[in-house]
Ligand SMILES: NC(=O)c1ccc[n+]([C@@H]2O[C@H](COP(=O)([O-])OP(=O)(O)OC[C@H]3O[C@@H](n4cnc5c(N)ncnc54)[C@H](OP(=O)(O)O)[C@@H]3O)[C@@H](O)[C@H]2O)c1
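Read the single chain below, which is given as structure tokens and is the form predicted on its own.
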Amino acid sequence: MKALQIVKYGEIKDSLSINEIEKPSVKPNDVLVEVKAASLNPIDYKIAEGHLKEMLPLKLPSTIGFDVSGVVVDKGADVNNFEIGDEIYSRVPQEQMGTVAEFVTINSDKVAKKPANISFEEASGLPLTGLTAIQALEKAGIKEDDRILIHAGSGGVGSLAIQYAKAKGAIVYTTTSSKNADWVKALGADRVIDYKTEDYKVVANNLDIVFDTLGDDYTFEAFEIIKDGGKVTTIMGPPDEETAKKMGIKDYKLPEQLLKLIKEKSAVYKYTWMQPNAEQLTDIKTMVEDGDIKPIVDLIYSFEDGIDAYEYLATGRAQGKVIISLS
């Protein structure tokens, strides 16, 4: 079978290659999926460029990709929650990375049925962004009438987070550029802040929650605009101590500046290290079928043009997900 593989670390055009490899074997708890579509994420090309080789060491060549949709064509002896022919989608665990390929094996407890009312291409764009948004907002305990700022609302995670927060009944502020303002408002944002012409800290304040998708100074500035007892939930700031422990970071302490800000506002601070979760994918399926969430796709590339797809993603110009179709 064919697969798009990282063959060496470096620039995308040099680090990726379409290779012929062996079809994966099925373990007792796995399903074998004929891949119909795989969506691309920034972590993919960062791995290929070598930025994460200390944290995520690979034996090269290694097939790229984590998000997938497709059809179950075989299953292990212990799998009883899926049948051959089921249409599924998944964010595969780290050890099964390799979704930009004709076939992939996935542990069945990381797999969910695909939303019935969308294409394989659309479905493949949901897992990582959708799971990240849900896990980050649920850590903050989002509820009806919460006032929340979601940074970078036109990004993959931000666009899903806006829709999820609105489905929960929250009042949503978001930052984006003027060219994306109408599009982000159409997703459900109540107040769109043009970060080039407006100071978000003036427009949005006394908030219940800030969802920090940018990190750096934005993490610390979040405490200026939450109310006393408010919550900051981040995917880019320093890990909280509980999450750091789960990530295997020993003797970790929050930065003193962050500890001071948390204390001053009696705030809750949470970091999300996204984990594959079939139950939450099933929740996303229901929300898509009910019309509460819709996938946002920018461009779809053929498998043969997969390297071009990653080069485009790396430009940062995508408005929605970049997909490789194998259908």
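Numbers follow the displayed sequence, beginning with 1. Predicted model only: the values in this text are computed from it and were never measured.
As for the form predicted in complex with this ligand, it is not shown, yet the points below apply to it.
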Touches this ligand in the model of the complex: residue 50 (any heavy atom, 4.5 Å) = no
Looking in the model of the complex, any heavy atom of residue 253 within 4.5 Å of this ligand?
-> no
Does the 4.5 Å heavy atom contact test between residue 226 and this ligand in the model of the complex come out positive?
-> no
This ligand contact at residue 118 in the model of the complex, heavy atom, 4.5 Å | no
Looking at 189, 210, 157, 111, which is the one with a non-hydrogen atom within 4.5 Å of this ligand in the model of the complex?
-> 157
Tell me, which of 235, 142, 79, 92 has a heavy atom within 4.5 angstroms of this ligand in the model of the complex?
-> 235
Out of the stretches listed (146-154, 96-104, 201-209, 80-88), which one is close to this ligand in the model of the complex, meaning heavy atoms within 4.5 Å?
-> 146-154
Does every residue of 2, 59 and 324 put a non-hydrogen atom within 4.5 angstroms of this ligand in the model of the complex?
-> no
Those residues of 198-220 which, in the model of the complex, come within 4.5 Å of this ligand by heavy atom | 213, 214, 218
